[in-house]
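First comes one chain, alone, set out as structure tokens in the form predicted alone.
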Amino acid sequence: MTFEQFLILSLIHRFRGERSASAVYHLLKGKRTAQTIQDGFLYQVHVYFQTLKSLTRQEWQALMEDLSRSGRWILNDGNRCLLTEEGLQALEAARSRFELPTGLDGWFYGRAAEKIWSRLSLLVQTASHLIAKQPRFLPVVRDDATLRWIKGYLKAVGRDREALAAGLYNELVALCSRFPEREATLLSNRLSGSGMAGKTIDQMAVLLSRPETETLLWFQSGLHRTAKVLTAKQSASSFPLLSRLAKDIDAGLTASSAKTYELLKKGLGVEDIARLRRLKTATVQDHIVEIAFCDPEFSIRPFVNESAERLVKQVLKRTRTRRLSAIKQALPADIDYFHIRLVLARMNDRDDVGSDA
């Protein structure tokens, strides 16, 4: 079994035979649809969101054909996919060979991590060449916006080159000391400097004697931890130089849902927001469900009363499923899918619905 197969089997198992294989593909690719967002949180797999965004449809189909061959590991039942007994045994055996990193948090920090890494890698390279008195070099990042941002950063910081380099080094050491050794090794070895090119993922995979995709996920895990630390409100006190890399970066909600949230805070209702933004009511409801998943402080009470919430929870405990159609059939007609989704968003998944362990 390859690591890619191990990852796919792990996620199919987490979906409990209630979703299609395409749900796994869209999750790994980072498809920002209401269904993918909902599935990610309901089945507690949102941390893997957009972790394999370069995976092509052809590569995916080849992986699935291999896994499904002769029904050995996977059975497809219409729009649902589940593991066979042999598949479960293979998955358990593979856990001694492969390891999924614990720092992944693709939904909340994936996009932020990408931007922070672009800035960090270019900043370190720039500082290294400045202290080497080599102002001309080929930047590791060619994006114009990032190049402009680094120029603005250097002007705002206003330190001499030696002080800047020393400060960045000390903060990076302190940051990496918080992470597992493998993640710290990946982050530090991928950085470039004067006379030193950062290693690629495939080079690091050879160095660590691990599969390339597993190495990529460990690297992303380190980046997600980095983004989580640097976007925290108190990060400036511990990392005055590095925290600036995340100054204008938002994590979590999609841009459209964030706009809906701002209007909700102003007291507008669902229909008002739909009319103002020229959106379908169902789209605004999707935004509200996303907000409920992402913000633990968000109250669902304006949309779901206590009685309806109690009934939904009772059905969830009795049926132990996340299939919305099955839940809806067991509820009164006046409780709709929007209500169910909001209650699910507010529940403690493992305590109230059941664990996959």
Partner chain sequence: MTTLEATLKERFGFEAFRPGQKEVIEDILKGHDVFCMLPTGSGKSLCYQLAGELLGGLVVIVSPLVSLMEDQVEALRLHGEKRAAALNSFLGREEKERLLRSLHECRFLYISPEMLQSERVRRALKRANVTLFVVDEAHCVSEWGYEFRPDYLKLGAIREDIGRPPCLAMTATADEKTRADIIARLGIAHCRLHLYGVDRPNIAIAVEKMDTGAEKLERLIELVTNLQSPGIVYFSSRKAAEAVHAVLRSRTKVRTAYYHAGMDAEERLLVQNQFFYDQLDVVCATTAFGMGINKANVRYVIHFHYPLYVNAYLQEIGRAGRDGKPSVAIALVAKEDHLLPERLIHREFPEVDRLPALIRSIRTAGSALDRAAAEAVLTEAGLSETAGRFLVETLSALDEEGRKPLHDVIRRIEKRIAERKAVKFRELSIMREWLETTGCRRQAMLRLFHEEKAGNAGDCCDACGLDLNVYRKPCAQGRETPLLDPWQKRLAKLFGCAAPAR
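Positions refer to the first chain, counted from 1. A quick note: this is a predicted structure, and the numbers were derived from the prediction, not measured.
There is another form of the same protein, the form predicted together with the partner chain; it is not shown, and what comes next is about it.
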query	finding
The partner chain in the predicted complex: contacting segment from 328 to 336, 52 to 60, 297 to 305, 312 to 320, heavy atom within 4.5 Å	52 to 60
Trp117, Val140 and Ser188 each touching the partner chain in the predicted complex (heavy atom, 4.5 Å)	yes
In the predicted complex, Gly198 touching the partner chain (heavy atom, 4.5 Å)	yes
Contact test in the predicted complex: Leu230 vs the partner chain, heavy atoms, 4.5 Å	no
Contact flag, Glu99 vs the partner chain in the predicted complex, heavy atom cut 4.5 Å	no
Ser257: touches the partner chain in the predicted complex, heavy atom cutoff 4.5 angstroms	no
The unique member of Val173, Ala282, Leu154, Ala93 whose heavy atoms fall within 4.5 Å of the partner chain in the predicted complex	Val173
Proximity to the partner chain in the predicted complex, single hit among Glu212, Glu86, Glu262, Asp272 (heavy atom within 4.5 Å)	Glu212
Members of 198 to 221 lying within 4.5 angstroms of the partner chain, judged by heavy atom, in the predicted complex	Gly198, Lys199, Thr200, Ile201, Asp202, Gln203, Met204, Val206, Leu207, Leu208, Glu212
